[in-house]
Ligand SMILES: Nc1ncnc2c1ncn2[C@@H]1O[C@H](COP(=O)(O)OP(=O)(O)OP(=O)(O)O)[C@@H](O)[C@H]1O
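So this first bit is one chain, no partners, the form predicted alone, shown in structure tokens.
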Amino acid sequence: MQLEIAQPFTQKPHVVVAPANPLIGNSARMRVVHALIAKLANSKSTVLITGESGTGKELAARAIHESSPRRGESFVPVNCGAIPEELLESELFGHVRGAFTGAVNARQGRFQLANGGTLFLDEIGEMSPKLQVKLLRVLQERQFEPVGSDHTVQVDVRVVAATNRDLQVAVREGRFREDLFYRLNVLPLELPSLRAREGDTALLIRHFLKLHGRRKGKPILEVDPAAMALLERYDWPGNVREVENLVERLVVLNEDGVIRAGDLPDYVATNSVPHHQKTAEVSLPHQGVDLDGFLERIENGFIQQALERSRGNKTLAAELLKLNRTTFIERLRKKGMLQPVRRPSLPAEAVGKMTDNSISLTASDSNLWNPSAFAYADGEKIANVSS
């Protein structure tokens, strides 16, 4: 079965109506974001939105679309990290009947549904290498073949991608194509974390109080000064999404119309990270990792930093690592970082003079660390190591 060239649709089942809520914020960082969105909107080039999770990347993409000449067409979002690889290709590019088991009917993909409008590819860093190649061709040629078809489909779609990962690191690690990164990063837009948006927390809280109060059929709640001070002091690791979730919770549970300090969760009052948000700072690569080797490199790095900070003093370095000095020295020995220093041999004449002067030639019992066996990050080596 052949698919015809995509045409603008009068009715599209996947169209998502853009929200009326703007990007809330009046801080200096957000004013820069608002100004940049206004500039990006008038271009047809691809946009790459970066920022921590919960900073509002999809909302920024919608704002770009709604401010652009494509505002009358569709805004179609796709979460690349939430759809399995074997289904994502069909979801993006469509398929013909019989292309695979279960494909009883032909189906148009999101690229065709977004024809004339904007396609938002969220979590683009999670896309497999196979699909990265196909996406690169669409961005370059504005055409693709649906799954199971040899017929080319032409589309006019503006792509806005987003990620909370550092794609440049992914490129260096071979997890993301370099040519695709540069094709996506034509117009970069970085969204600041809420921690960097001074004064915006109170604005967001009041906005979400009105929003969820209206949705729950409750009058607008007030926040007493003590509670607001705690909310503004909190670091908000989940950013704007965390603010909205907490405000919704407070609206549902509140009974007297005023939010007080005692109504806030303990982690907000103590400015600590809630347990469910404590995640590893290092992500597991798609191809897996040599865990023992990785942990070994981390351990060696900490040992290196401890020795550098203590200027080679093993006792102080052991204290920094919360280790017994004997245990620390044994680790250095096992890692080859603790070797006796070879002293240059002395000529016979010098030995005779030393013997005549009754100078002891007995070697010291102390084990000296050989600085040549340990290089620092900046390329320098410790010249003298004290015990």
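Start at 1 with the first residue shown and count on from there. Remember, it's a predicted structure, so these values are computed and weren't measured experimentally.
The next section is about a form of this same protein that is not shown, the form predicted in complex with the ligand.
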> Out of Ser67, Ser43, Ser53, Ser27, which one falls within 4.5 Å of the ligand in the predicted bound form, going by heavy atoms?
Replying inline: Ser53
> Which residue, Phe111, Phe75, Phe208, Phe144, has a heavy atom that falls within 4.5 Å of the ligand in the predicted bound form?
Replying inline: Phe208
> Asn185 near the ligand in the predicted bound form, any heavy atom under 4.5 Å?
Replying inline: no
> Should Glu58 be counted as a contact of the ligand in the predicted bound form, where contact means heavy atoms within 4.5 Å?
Replying inline: yes
>> Is it the case that Arg197, even though its partner is missing from this view, gets within 4.5 Å of the ligand in the predicted bound form, heavy atoms only?
In response: yes
> So in the predicted bound form, does any heavy atom of Ser128 sit within 4.5 Å of the ligand?
Replying inline: no
> Pick from 171-179, 241-249, 308-316, 228-236: which stretch has non-hydrogen atoms within 4.5 Å of the ligand in the predicted bound form?
Replying inline: 241-249
> Can you name the residues of 151-187 that have a heavy atom within 4.5 Å of the ligand in the predicted bound form?
Replying inline: Asn164
